[in-house]
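Here we start with a single chain on its own, the form predicted on its own, put down as structure tokens.
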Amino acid sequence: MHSASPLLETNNLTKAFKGLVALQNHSMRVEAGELIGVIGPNGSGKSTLFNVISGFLAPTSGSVQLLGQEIGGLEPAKIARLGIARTFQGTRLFKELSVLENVRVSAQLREPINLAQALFGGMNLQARAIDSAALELLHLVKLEKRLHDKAGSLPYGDQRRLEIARALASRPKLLMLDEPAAGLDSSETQALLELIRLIRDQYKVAVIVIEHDMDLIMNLCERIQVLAYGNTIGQGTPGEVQANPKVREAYLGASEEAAA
């Protein structure tokens, strides 16, 4: 049963770049704690959707609401403070900073040090609290033994996990993962699937995943939305999406009748 106010809701969300409509009349409803997948061929509008929700692009029209509050067009930092965190297709770590420092940076976004704390001794207490939270997250992603290594020195799979820890450090209500399995081998992908489930269960966050790895999406997500040319062409459970003829056509490049 859906709650009266979903965690995230988009209504008729559109993003156009001059003559190109990258996302058209998109609508989505995400409840607290859900695992949602967004799939589609290259150029279907997936990353545009993430960029509009997270504030890196302003919508051309339509609505994006977080717990009933309109957030469309707000700056990314403001949206992050309200409770949305994301990762990117390519890692965007501070590669010259340590693993621990990368997570600290994100934690301080949610816990900024103010003048009163600095004057009356609260800064040390807050710093210890931030470090404690960061260490917990790095243990979660199995990087606790590499705290002081530079982020840029980590293997690619470890950098992916560090990005997830950094996103979680802002204590989001919604975590958006943009192709988290890209570049990972099969064992790393399986570990990622288990990590995302653990994050949802342990931290009670909703997760939206963009991914081309269909095995991961079908085994991980409770609901899936399919985009093509900026439009939603199917949505439902993994089984419903797999059986949808429009989805099959988008991926196979021909209708089932033509293929027959």
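In this text the structure is predicted, and so the values were computed from the model without any measurement. One rule holds for the numbers: they count along the sequence shown, beginning at 1.
What comes next is about the form predicted in complex with a small molecule, which does not appear here.
The closest heavy atom approach of residue 47 to the small molecule in the model of the complex falls within 4.5 Å. Among residues of the shown chain, residue 22 is one whose heavy atoms approach the small molecule to within 4.5 Å in the model of the complex. Of the heavy atoms in residue 190, none are within 4.5 Å of the small molecule in the model of the complex. The closest non-hydrogen atom of residue 33 lies beyond 4.5 Å of the small molecule in the model of the complex.
Of the candidate stretches 38-46, 61-69, 200-208, 216-224, only 38-46 has residues with heavy atoms within 4.5 Å of the small molecule in the model of the complex. Here is the short version: of 89, 132, 186, 108, the single residue with a heavy atom within 4.5 Å of the small molecule in the model of the complex is 89.
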